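We begin with a single chain expressed as structure tokens, specifically the form predicted on its own.
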Amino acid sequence: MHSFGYRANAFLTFAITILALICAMASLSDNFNSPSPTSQVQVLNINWFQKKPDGDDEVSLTLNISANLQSLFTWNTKQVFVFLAAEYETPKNSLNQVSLWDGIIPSKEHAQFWIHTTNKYRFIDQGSNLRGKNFNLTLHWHVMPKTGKMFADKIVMSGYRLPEAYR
């Protein structure tokens, strides 16, 4: 006869092995999902564009952000973290990213949205590099699954330009 400890050990080992296999299958099933999110951002107004006393440029924007991220959700998705970044080049750095807005989408029902907002975080460049600067607005997202690895991607929207003069 086997002791109680031996039988409990065998049962727990078997249960954990089955649980690990189910988690692996859940994680692999996400590879069959091919999401097709859409997004559009409009810059409605440049509220102010100023040079701060320390010499840095600062911009305040009014934005319309609309997105449909429902295709990112599967049965294994816990939530999606999404943020909008302004991206531009300067002589010193080939890529500058400034986060303007972010949010957490807890479910598929909330994944189609339209927001009218000013930038949630300050759009500041260290230096006087923003006058007349072309920039992209990029919607980034990170899909956080219940099990498995995180997935990140983005949509780049180009064609935005800041004015030549401060306001």
Partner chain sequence: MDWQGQKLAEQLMQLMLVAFAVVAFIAGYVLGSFQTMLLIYAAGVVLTSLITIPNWPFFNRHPLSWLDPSEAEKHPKPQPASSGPKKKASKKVN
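Note that the structure is predicted; figures quoted are calculated from it, not measured. Positions refer to the first chain, counted from 1.
The discussion below concerns the form predicted in complex with its partner chain, not included here.
Taking the partner from elsewhere, every residue among H2, A8 and I22 has a non-hydrogen atom within 4.5 angstroms of its partner chain in the predicted complex.
Remark: I18 counts among the residues lining its partner chain in the predicted complex, judged by a heavy atom distance of 4.5 Å or less.
Mapping the unseen interface onto this chain, N76 counts among the residues with a heavy atom inside 4.5 Å of its partner chain in the predicted complex. Contact check for A26: a heavy atom falls within 4.5 Å of its partner chain in the predicted complex.
Although the partner is absent here, S158 is not a contact residue: none of its heavy atoms lies within 4.5 angstroms of its partner chain in the predicted complex.
Partner proximity in the predicted complex, defined as non-hydrogen atoms within 4.5 angstroms of its partner chain, places exactly one of 61 to 69, 122 to 130, 26 to 34, 100 to 108 at the interface: 26 to 34.
Contacts between 132 to 166 and its partner chain, taken as any heavy atom within 4.5 Å in the predicted complex, involve K146, T147.
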